[in-house]
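Have a look below at one chain only, the form predicted alone, in structure tokens format.
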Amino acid sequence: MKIEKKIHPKDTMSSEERIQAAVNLQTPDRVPVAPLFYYFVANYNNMSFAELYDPVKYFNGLSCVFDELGPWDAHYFVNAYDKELIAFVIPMKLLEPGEELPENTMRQFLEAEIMTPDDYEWIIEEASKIRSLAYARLVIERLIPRIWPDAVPRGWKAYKAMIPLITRNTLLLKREIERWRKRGVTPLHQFAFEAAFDTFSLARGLIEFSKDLSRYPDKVIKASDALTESYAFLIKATCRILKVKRAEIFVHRSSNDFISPRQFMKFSLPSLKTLVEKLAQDGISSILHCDGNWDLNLELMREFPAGRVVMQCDGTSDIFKAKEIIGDRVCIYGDVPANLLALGSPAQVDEYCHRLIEQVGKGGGFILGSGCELAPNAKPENVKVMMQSVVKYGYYTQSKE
């Protein structure tokens, strides 16, 4: 479905054209804005966090935010309507609001050893047989049953439990995307996935995985490489189903907060670079969700194909430094901090957004957004100021006073 509707009167591009131009390092009509909403939707609509699992309540709540505080250019979907599917993004044990936790408590991920050292060998061996299915088999047959042993059996029996959930969520997401497109809002990406190295770090647990980098360095590298083809296969498939040519790839454990630049270059970058290149060959751009501080990895990120990668900053990395070092090759995305939106004044938010637009947005290749997820307790007036800043300051064709 081609998006023709313009969301602001002065716009000369559709939201899809604008987002894709920024990703491709071109200069759109104005800076696009794409915040990441989740828990804020519940707070704003007087819902419990547990109610976000209801697709009707979630969509209606987000629509209310859009109508009253928006609009925005891209729908940034991070929800899953069945908790078991969260393991495709973050393969860890978790406690959920309304179940193990009070209904207004944010979900909590637990550092635990879900994946074992033997799984490295299994990945390498299985990928040598059917490379395109290795990642899906790892998550469905081995990791999810360990996270949810009472709900999902191990091995091939897991598919009986998981296929209906995957089908349901795919159909719900496809419907949501089409409904947002009718409002002039483009999907930012298809369903999100964690990169291979980061999947291992999360599933092994931080302490055990840190040991693995010394005990089994070759296995970690080989297993990361072995999963790359299956990641690409799954991402391409979801892009075709949802009719979007951008992929969200989480790299939660590749920042300088967890590993050194030397370790990033040795363990994380090779398979990540291969994945990005494979997707680029199919015309799919990669949005890297770069939580944490990436300042010392910036030079290495120049190895990614130009105009095919987005670096999403969360307020920890120096976004202005990122623009200076990789802005000619990588689209920069972010990064209005959570504390500013929750504790700052509208004038402070306006000033920071203005600075982002003028400096990081110079020459294009920039998407304005919240630093990772928008703070659940963000002030609505601050959110509205962020949305309006792209109209106030962001048109590239407007004359400068």
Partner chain sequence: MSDEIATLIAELEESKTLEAIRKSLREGEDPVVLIESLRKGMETVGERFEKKEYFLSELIMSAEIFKQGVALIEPHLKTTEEKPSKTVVIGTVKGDIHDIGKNIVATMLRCVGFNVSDLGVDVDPRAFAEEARKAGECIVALSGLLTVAFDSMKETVSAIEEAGLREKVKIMIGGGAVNEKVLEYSKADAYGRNAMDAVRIARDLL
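Numbering follows the first chain given and starts at 1. Quick caveat: nothing in here was measured; it's all calculated off a predicted structure.
The discussion below concerns the form predicted in complex with its partner chain, not included here.
Participant: Is it true that Ala74, Leu165 and Glu176 each have at least one non-hydrogen atom within 4.5 Å of its partner chain in the predicted bound form?
Facilitator: No, the whole trio is out of contact, none within 4.5 Å by any heavy atom.
Participant: Heavy atom to heavy atom, is Phe258 within 4.5 Å of its partner chain in the predicted bound form?
Facilitator: Contact check for Phe258: yes, within 4.5 Å of its partner chain in the predicted bound form.
Participant: Mark Asp218 yes when one of its heavy atoms lies within 4.5 Å of a heavy atom of its partner chain in the predicted bound form, and no otherwise.
Facilitator: Taking the distances in the predicted bound form, the answer for Asp218 is no, it never comes within 4.5 Å of its partner chain.
Participant: Test of understanding: in the predicted bound form, would Ala50 fall inside 4.5 Å of its partner chain by heavy atoms?
Facilitator: Output for Ala50 is no: heavy atoms all beyond 4.5 Å of its partner chain.
Participant: Applying a 4.5 Å heavy atom distance criterion, does Ala347 contact its partner chain in the predicted bound form?
Facilitator: Contact check for Ala347: no, nothing within 4.5 Å of its partner chain in the predicted bound form.
Participant: Based on heavy atom distances of 4.5 Å or less, which listed stretch (182 to 190, 249 to 257, 133 to 141, 116 to 124) is in contact with its partner chain in the predicted bound form?
Facilitator: In short, 249 to 257.
Participant: Pick from Leu95, Ala237, Ala306, Leu171: which has a non-hydrogen atom within 4.5 Å of its partner chain in the predicted bound form?
Facilitator: Result of the distance check: Leu95.
Participant: Which one of Arg154, Arg262, Lys160, Arg302 is close to its partner chain in the predicted bound form, taking close to mean a heavy atom within 4.5 Å?
Facilitator: None of the others qualify; the residue that does is Arg262.
Participant: Which residues from 330 to 349 come close to its partner chain in the predicted bound form, meaning a heavy atom within 4.5 Å?
Facilitator: Contacts from 330 to 349: Ala338, Asn339, Leu340, Leu343, Gly344, Gln348.
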